[in-house]
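Next up: a single chain in structure tokens, the form predicted on its own.
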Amino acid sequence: MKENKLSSRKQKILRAVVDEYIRKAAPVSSGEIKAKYFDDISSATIRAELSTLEDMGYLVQPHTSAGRVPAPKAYKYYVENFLDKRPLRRQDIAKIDATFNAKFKEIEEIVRSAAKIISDVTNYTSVIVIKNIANVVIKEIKLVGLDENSALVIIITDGGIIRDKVITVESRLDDNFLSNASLLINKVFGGRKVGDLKSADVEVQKELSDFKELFESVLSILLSYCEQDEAKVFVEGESKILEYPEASLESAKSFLTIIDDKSKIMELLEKEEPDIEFSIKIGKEETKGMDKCAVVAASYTINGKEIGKAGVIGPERMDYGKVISVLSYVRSAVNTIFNSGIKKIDIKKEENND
């Protein structure tokens, strides 16, 4: 059966109910809607429209004398027709910028920081899934001499993922030594998947023994990528979903069951339509059984390759506009870190050549 199209007035009333319920988490009355949104129509007309929207499945009336609350169908209509990203508040931008201005040594540090700041700014539970790092292909390994016995090792992959680490060896690391070592290291590791190195029988020939210590140090860094074969899941703010007034014992149980299951979290963040920028899932049927919950998810890509997904789990009445703005801004910040990381490599190299 084809669904009736909402009239302009019904759309405005439905939007008003959702906006008010998101704001105060209490049933919305016809009097409130008239006072705030409609001077030109009577309360009786608004009540009639609310009743019709209820019959159509958009609204629910918890008690006979109470106002209405949005049903999952209302939130879906809201995000499809009224939702726009909006500018973040200055204080939110400042908090995010401060987080990513720090110096990161590991990819995991960036991800954990991203998950935490998303949860802090939205005040919802955040989830980030990072794809199995073992599948990335090594594009280049750079060695930047720091002093006679230490060097900065920089690893660049096809996903644009950069890792840098200072190593110290007994060999004297002059420019000629590092140049020859770089040729050898890139010949052995370049073009290979990180995960393949775990089982690869890589050896340094006897005549290249001078490079052995440096070679093994680089191999150790690469193998540390593969400490866990599975995709990693990072969760922040698990308890925040329980702080909202609509949370019940049943919804808490269903939420905790999902959040403790890595495979279910990964499924939650998957997009039904690959080309859409954000995936929004609302209600029990779409969120793996989480009652009165919604999930907003976005893919994070570096140089055109997806490296993971970030999502926010909150009540159905979450502030969707703010959540999407935060996910977008954090995604941009993460991209900036990786892109500037490549530039910093050249800067460091130039500084050490001076």
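None of these values were measured; they are calculated from a predicted model. When you see a residue number, it is the position in the sequence shown, counting from 1. Note that the rigid core is defined as the largest set of C-alphas that superpose within 1.5 Å between two forms.
The same protein also has a form predicted together with the DNA, omitted here; what follows describes it.
- Checking 287-295, 322-330, 305-313, 45-53 against the DNA in the model of the complex, the stretch whose residues place heavy atoms within 4.5 Å of it is 45-53.
- Taking the partner from elsewhere, no residue among Lys240, Ala247 and Ser254 has a non-hydrogen atom within 4.5 angstroms of the DNA in the model of the complex.
- By the criterion of a heavy atom within 4.5 Å, Ser30 is counted among the residues contacting the DNA in the model of the complex.
- Using a 4.5 angstroms threshold between heavy atoms, Arg9 counts as touching the DNA in the model of the complex.
- The DNA is not shown here, and in the model of the complex it never comes within 4.5 Å of any heavy atom of Thr301.
- Heavy atoms of Val60 never reach within 4.5 Å of the DNA in the model of the complex, leaving it off the interface.
- Residue displacement note: Ser328 has its CA displaced by under 2 Å between the shown form and the other one (rigid core superposed).
- Relative to the superposed core, Glu285 shifts its CA atom by less than 2 Å between the shown form and the other one.
- For Ile41, a C-alpha deviation below 2 angstroms is recorded between the shown form and the other one after rigid-core alignment.
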